[in-house]
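Taking the form predicted alone, here's one chain by itself in structure tokens.
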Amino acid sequence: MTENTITRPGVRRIIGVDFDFGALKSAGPRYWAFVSLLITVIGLGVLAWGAALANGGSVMAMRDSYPWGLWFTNYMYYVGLSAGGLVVYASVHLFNAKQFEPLSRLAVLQAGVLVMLALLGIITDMERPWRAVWMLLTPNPSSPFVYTGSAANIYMLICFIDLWILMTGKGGHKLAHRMTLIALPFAIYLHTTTAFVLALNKSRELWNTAVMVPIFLTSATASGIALLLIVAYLMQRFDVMRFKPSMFRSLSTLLSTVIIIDLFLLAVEILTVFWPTAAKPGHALRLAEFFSGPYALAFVPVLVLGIGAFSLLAGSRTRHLPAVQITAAAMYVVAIFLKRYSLMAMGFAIDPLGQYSPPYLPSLTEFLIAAGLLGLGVLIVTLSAKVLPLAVPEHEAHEPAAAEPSLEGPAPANPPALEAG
């Protein structure tokens, strides 16, 4: 690694990337108060993980009937959220969607950090993480975890390499295009194998469905796009990056399209389970727990929030309003987290012997570990917003007004001015 001082004060070039450390010195007290809060949350997470290593499963709410807990819910959730960043990034290089080009660096950063959090969640669940090397040396080829774990590691590396290429400009658009061709199949492979962790369990009836893979892909893409939209607004609100209103309109149109596909697939699965000539007693009995039993508190909001988010974005006259876009995106991000919890619970609500299991609620230790990992991800993005060149230079993102592609038809007659958040 080489390090050279750039003419601008506070900027250092490391591995070809200009790190603006001077921006940290000029950061205000509110910025550092937020960073301090994140460091505190991370510290509590480290302490909670230490308690888990020292005391084992006694400080966890997981039990024989619920061997997977919050860590696995978050693994599915973070892996899924990473999909939105790649979809937006890939659309720039594969489909020439130039309106999303200003988001490309931010999208790739978001994808890489989220997959990293998913992998760290697996490590925190291990009572002896230092023995994880044996999983690499003696893999079980019949276990889906071998494939989804290796795919997550490779995909994370691809994301960070992509980010380096975008920030340094090495290889130009040709290399970025080739990296997209590599990243996209790995992303599909990652999300598919993660869904297969559930779908290939024939003893867990609600998991054992071929529709699990497309449902996982659509919900992952929708939630990832929703999160990217929220992060983009935050970056604009704090003057880190500037975006055109047309970009947010296109992003919200894309989000509404994927949401309705996701809701359709979920409705098809529910209809198949309950339809009189198709219903299997085991399937119908288990899924009923998520409509009228104690699990309904997690699953019914998935439908309410999902339909509500689509309804907000369905109107072409209101879709361009920032408040509507942010509200709908936030609703779907929450909906997919509840959906991931419900997916995890669907396999354990009633065990293969027909015995009912009370709902799982994470312990304080599990919650603090999860909060610490989330705090770490937010801290990385917060520091990156100050230090890394995430904003795409105008000469790279320039697009003539007449050539700007639109996903929703003509823009309003009097488009709103560039919002600050």
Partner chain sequence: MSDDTTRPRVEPPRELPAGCTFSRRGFLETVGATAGLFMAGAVPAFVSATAPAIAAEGETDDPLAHITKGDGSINYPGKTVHYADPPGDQKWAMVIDVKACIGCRRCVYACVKENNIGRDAGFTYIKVLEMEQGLVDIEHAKADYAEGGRPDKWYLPVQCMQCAEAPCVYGCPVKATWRDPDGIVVIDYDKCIACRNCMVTCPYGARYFNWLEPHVPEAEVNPEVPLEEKHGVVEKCTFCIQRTRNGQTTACTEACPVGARTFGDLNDPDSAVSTLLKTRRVWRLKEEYGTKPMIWYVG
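Positions refer to the first chain, counted from 1. Keep in mind that what you see is a predicted model, and the values were worked out from it rather than measured.
Quick note: we don't show the form predicted together with the partner chain, though the next part is all about it.
If contact means a heavy atom within 4.5 Å, which one of 90-98, 76-84, 282-290, 103-111 is the stretch that engages the partner chain in the predicted bound form?
Heavy-atom contact with the partner occurs in 282-290.
In the predicted bound form, which of the listed residues (L361, L364, A33, L353) lies with a heavy atom within 4.5 Å of the partner chain?
Flagged contact: L353.
Given that the partner chain is left out here, which of Y233, F186, W71, F299 has a heavy atom within 4.5 Å of it in the predicted bound form?
So the residue touching the partner chain in the predicted bound form, by this definition, is W71.
Give a yes or no for P276: in the predicted bound form, does one of its heavy atoms lie within 4.5 Å of a heavy atom belonging to the partner chain?
Residue-level check for P276: no, no contact with the partner chain.
Looking in the predicted bound form, any heavy atom of M126 within 4.5 Å of the partner chain?
Yes, M126 is a contact residue.
My question is simply whether E269 lines the interface with the partner chain in the predicted bound form - judged by any non-hydrogen atom within 4.5 Å.
Although the partner chain is absent here, E269 would stay clear of it in the predicted bound form, with no heavy atoms inside 4.5 Å.
When the contact criterion is heavy atoms within 4.5 Å, does F160 count as touching the partner chain in the predicted bound form?
No, F160 stays farther than 4.5 Å from the partner chain in the predicted bound form.
Which residues, if any, of 145-159 lie within 4.5 Å of the partner chain in the predicted bound form when only heavy atoms count?
Stretch hits, in order: F145, V146.
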